[in-house]
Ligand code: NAD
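Presented as structure tokens, the chain that follows is alone, the form predicted alone.
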């Protein structure tokens, strides 16, 4: 299939691109580099041995977006990764998040309609569940996001579902839990200039780039008082997108899947596991809770296991070891 990838230079997209190329798909990437760099695209080409088509495009720029659809005829499917994605930042800059994530997605949906593209995989998030009534969380759980980032993902989902009904689109919505780790080659990984997620921050502290990890609260109702999340290896997550594309080749309709392991780890457990991977303790201090955070959320991935034929294969040791390998071999990320 010929697949358009938005946010195609980003962390999740880069790993997904490798898996899709390995299955023989043709990829067209677009990105505006607001939280990525072109070096990741070059490294994907190096790992895969294949050249990629790339356009520097912002989804808020409608003429530039439509130009891609005009030039790249016969796009079979879209995988939509492009979005601002930091929970804390979304609380501080809600208008920026709503404009970028919602308006950008609307522009993409309209371009798909105009150019007759009917197959779509959406990069959603477990944040749409908010503070769930039960965990592990099933896909039919109440949607109740607790921060602007989660609200944008929930809105983007609903708009897409409504559009799909009206225009007979086939869509797969993947609700990610917490992606971590890096490709086994050590050549691509998560590369934030200032980490908003736990593991890249722990990595930078372990490498001496930052002084210590701040743990946002140790008084949650969890195993050790720190937040518990369902962490999933980035390669497992990437492979879920291949399965989603396969689904669109064989089925029609709207499908929603949790992509997680069903196993949770606390912040302190992750810090200790990373210390084992890097060979020394990772310093941390406890700070106040962060607005919009919750105590615990885990996936029930059984629907994805049964319907997509997908299952997470990597465990905690794989996650932290691959993240540390990426950090050691790329101490400044892609910005060497």
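Positions refer to the first chain, counted from 1. None of the values given here were measured: they were computed from a predicted structure.
There is also a form predicted together with this ligand; it is not shown, and the following applies to it.
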Task: Contact residue in the model of the complex, from 47, 298, 27, 57 (heavy atom within 4.5 Å of this ligand) - done: 57
Task: this ligand: the contacting residue among 258, 261, 124, 90 in the model of the complex [heavy atom, 4.5 Å] - done: 124
TODO: Determine whether any heavy atom of residue 326 comes within 4.5 Å of a heavy atom of this ligand in the model of the complex, and answer yes or no.
DONE: no
Open item on the list: Quick check on residue 176: any heavy atom within 4.5 Å of this ligand in the model of the complex?
Closed with: yes
Task: residue 34, heavy atom within 4.5 angstroms of this ligand in the model of the complex - done: yes
TODO: Using the partner position in the model of the complex, report whether residue 12 sits within 4.5 Å of this ligand, counting heavy atoms only.
DONE: yes
Open item on the list: At 4.5 Å between heavy atoms, only one of the stretches 70-78, 245-253, 149-157, 132-140 reaches this ligand in the model of the complex; which one is it?
Closed with: 149-157
